[in-house]
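So this first bit is one chain, no partners, the form predicted on its own, shown in structure tokens.
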């Protein structure tokens, strides 16, 4: 339970912070993170405390951070919740699939603003886009409801894993390492003139989607960064394609 974080990004209503704290505590979790909330004092407001309804301890230890980079960097899996499909971005899986692959990994569930959800750029910090199976005609859930559904599914998955004593899965590279790789690789591709920074043509977005689908491990990230390093070194020596 300690390896699962619940991240609320740019939350507008402080009552939703309290309701989310109550939801995760009910399911046995306690790692709540607020990223750039509309009210920086959200966890101390009367609405949050009232709607937490006894989950005051979760609110008290909640972390408030300024960027998604800081909130997600230690997680090997980051599940961005959204009912909308995207042209680019990480692979899309159901909440049940997400919970199944997260059993032995440090992971985070990321929820966007109440009105618009997650933005395309927010998915740079996600390994997967996750959807909740709901009525296709009316799939609207409020923030606390979405948190509750995910927390319940994650609890069920962890309990099942403990009962079956499943073998541990090798840990994936975390989001911080993946984002560093993308920047290094971008520099390398520019160095060998494969990428024109003034006309990138979605190249980096396509590569990121490929890597997200592959699910890179730390040694694979190191290998690709070695390739990027050689691209830059070759360019420094006057290498041309």
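Please read all numbers here as calculations on a predicted model, not as lab measurements. Residue numbers count along the first chain shown, from 1.
As for the form predicted in complex with another copy of the chain, it is not shown, yet the points below apply to it.
**Q** 70, 38, 213, 61: which sits within 4.5 Å of another copy of the chain in the predicted bound form by any heavy atom?
**A** None of the others qualify; the residue that does is 213.
**Q** Pick from 122-130, 104-112, 73-81, 148-156: which stretch has non-hydrogen atoms within 4.5 Å of another copy of the chain in the predicted bound form?
**A** Only one stretch passes the 4.5 Å heavy-atom test: 148-156.
**Q** Mark residue 33 yes when one of its heavy atoms lies within 4.5 Å of a heavy atom of another copy of the chain in the predicted bound form, and no otherwise.
**A** Residue 33: no contact with another copy of the chain in the predicted bound form.
**Q** Is the gap between residue 116 and another copy of the chain in the predicted bound form 4.5 Å or less for some heavy atom pair?
**A** Output for residue 116 is no: heavy atoms all beyond 4.5 Å of another copy of the chain.
**Q** If we define contact as a non-hydrogen atom of the residue within 4.5 angstroms of the partner, is residue 93 a contact of another copy of the chain in the predicted bound form?
**A** No, no contact at 4.5 Å.
**Q** I'd like to check something about residue 65: if you look in the predicted bound form, is any of its heavy atoms closer than or equal to 4.5 Å to a heavy atom of another copy of the chain?
**A** So residue 65 does not count as contacting another copy of the chain.
**Q** Using a 4.5 Å heavy atom cutoff, which residues in 126-147 contact another copy of the chain in the predicted bound form? It's fine if the answer is none.
**A** Stretch hits, in order: 132, 133, 134, 135, 136, 138, 139, 140, 141, 142, 145.
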